[in-house]
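Encoded as structure tokens, the following chain is the form predicted on its own, with no partner shown.
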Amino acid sequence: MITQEKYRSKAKKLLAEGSVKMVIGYSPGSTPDRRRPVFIRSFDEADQLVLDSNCIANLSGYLVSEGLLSDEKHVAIFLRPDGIRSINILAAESQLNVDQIIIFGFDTNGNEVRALTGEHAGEFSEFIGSIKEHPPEKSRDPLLYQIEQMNPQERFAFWKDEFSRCIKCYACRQACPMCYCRRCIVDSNQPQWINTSSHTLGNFEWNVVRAFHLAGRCVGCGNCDRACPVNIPLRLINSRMAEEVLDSFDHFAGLNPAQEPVLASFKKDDSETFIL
């Protein structure tokens, strides 16, 4: 709990000084093992903040809420490594100014929580680079390995069965920090790019198109998985896309705020094996 008290004290200090207008963090949830986002605006409210191994949601998506950073005032936010990577991607895509964001970085290992050294996004680049070079043990889902052992017909049947449960609630979109478009492609009906009906074709179109939009951008935070009311393992298809991008372009999403988006940049030594 030392890390929690350290960050609570820091939050109170920043709010009391007027250095930040808000602290985005975690508070107790509906059950003992759940945590929910909390938006602290005053010194007295800071005691609501909790920080433990149950704080797993990636909160970075709240930073692109319309108008939050438009007044150029600072906001502090609790972020795990995946959340810091999200900040870097959003900055690279010109969605926010990292200079306005003060990061309370932390990481979890079992029940242990440790503070990360740094306060601004660029200060964590070396730490994030070490994750790229030395991924945590068991970071790869065993189910993903099983899917890769299937032949194309079996994989198609697997995803057809999974996507058949999709009810087109778009909770995955709402929870994902990378889905910041004011109007999603699925909401466009003139022309209609994606069938909105909850049936095989419409479900495939939506989930596959979203996976392509996240290629080279997904940080593996798992927000989509946790938000899905029918428990579709969305993280698996996104993880596989991330591996493809890393293997093909040596691109690990969210290394730093200046990193160019992989599908919006070109290098002379890029692999061109896709050209027949």
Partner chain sequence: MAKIGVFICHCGENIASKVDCTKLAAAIGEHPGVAVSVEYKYFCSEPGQESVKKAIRDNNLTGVIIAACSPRMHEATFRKVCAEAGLNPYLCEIANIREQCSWVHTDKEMATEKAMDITRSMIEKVKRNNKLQPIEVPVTRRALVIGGGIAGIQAALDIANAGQEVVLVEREPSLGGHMSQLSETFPTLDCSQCIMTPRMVEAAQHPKIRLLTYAEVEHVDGFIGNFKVKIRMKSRYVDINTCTGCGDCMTKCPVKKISSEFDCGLGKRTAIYTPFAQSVPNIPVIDKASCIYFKNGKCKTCMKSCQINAINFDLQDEFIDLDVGAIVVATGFQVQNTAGYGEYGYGKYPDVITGLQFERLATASGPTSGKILRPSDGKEPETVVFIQCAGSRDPSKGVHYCSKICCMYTAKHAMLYAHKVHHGKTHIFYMDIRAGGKGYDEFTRRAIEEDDASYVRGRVSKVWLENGKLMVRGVDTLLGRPVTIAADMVVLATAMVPQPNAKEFAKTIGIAYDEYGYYNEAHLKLRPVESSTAGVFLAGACQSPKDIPDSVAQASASASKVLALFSKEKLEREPVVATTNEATCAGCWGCVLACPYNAIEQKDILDRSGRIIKRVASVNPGLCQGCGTCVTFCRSNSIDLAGFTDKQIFAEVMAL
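Residue numbers count along the first chain shown, from 1. Quick caveat, the model's predicted, so the values are computed rather than measured.
Another form exists, predicted in complex with the partner chain; not displayed. Remarks below refer to it.
Judged by heavy atoms within 4.5 Å of the partner chain in the predicted bound form, the contact stretch among the candidates 78 to 86, 127 to 135, 114 to 122, 183 to 191 is 183 to 191. Residue contact check for residue 93: one or more of its heavy atoms lie within 4.5 Å of the partner chain in the predicted bound form. Among heavy atoms of residue 16, none comes within 4.5 Å of the partner chain in the predicted bound form.
Taking a 4.5 Å heavy atom cutoff to the partner chain in the predicted bound form, the contacting residues in 213 to 236 are 213, 217.
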